[in-house]
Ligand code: MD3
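In structure tokens, one chain follows: the form predicted on its own.
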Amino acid sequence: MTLPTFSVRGVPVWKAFLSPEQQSRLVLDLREVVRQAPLFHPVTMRGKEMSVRMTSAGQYGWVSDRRGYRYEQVHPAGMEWPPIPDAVLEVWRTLSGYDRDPQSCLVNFYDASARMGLHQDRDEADFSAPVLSISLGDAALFRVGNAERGGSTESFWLESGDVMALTGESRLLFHGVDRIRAGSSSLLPKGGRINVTLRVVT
């Protein structure tokens, strides 16, 4: 298993794990995912539209609306989620250290103004499985906190080709994205950031 470049609060980060060529090929794979299951704006339980657009691949997709946060087996528009691209699965199999493949691949698109508030990933049945995240495009300032709300936090930049994981003691830490550094990558012609998040659901 490839050793991480560094770790923050038990969150391992593999800097530049994907080469520029691998990143470009992965973007093409993800465009096909979006073609089959278009991006949508999730809505919070209070009815507020999130700034991030998302879709999913795999057996389950993550959705949010006034009924709450949950996994569903179909897109909000009714179609089944497309399969997880092989190149994404390869990253999981190389770095996750887990013996099951992910059942859900969230694809989040951040434009220059998008943010993600501090939250936990706890809609899954087994917290022993890691949550693996691939960054593509513009850099994001990622913030990680504690297992409970409040207290000190630490931030670091995730750049295109970086991979990180919430795993072990860091699996249930609060985390989020403070801001996007627009124009920091030329991977996406119109700018923005793609975050690919892999999860075992059941």
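Keep in mind the model is a prediction, meaning the values are calculated, not measured. Residues carry their position along the shown sequence, with the first being 1.
Omitted from view is the form predicted in complex with the ligand, to which the following refers.
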Choose one stretch from 27-35, 40-48, 162-170, 147-155: the one whose residues place a heavy atom within 4.5 angstroms of the ligand in the model of the complex. 162-170
Check residue 129 for me: does it contact the ligand in the model of the complex (non-hydrogen atoms, 4.5 angstroms)? no
Given that the ligand is not shown alongside this chain, does residue 177 nevertheless sit within 4.5 Å of it in the model of the complex, heavy atom to heavy atom? yes
Please determine whether residue 142 contacts the ligand in the model of the complex, using a 4.5 Å cut-off between heavy atoms. yes
is_contact(residue 96, the ligand) in the model of the complex, heavy atom dist at most 4.5 Å: no
With the partner left out here, if you bring back the ligand in the model of the complex, are 60, 64 and 104 all within 4.5 Å of it by some heavy atom? no
The ligand in the model of the complex has a heavy atom of only one listed residue within 4.5 Å, and of 87, 74, 116, 112 that residue is 116
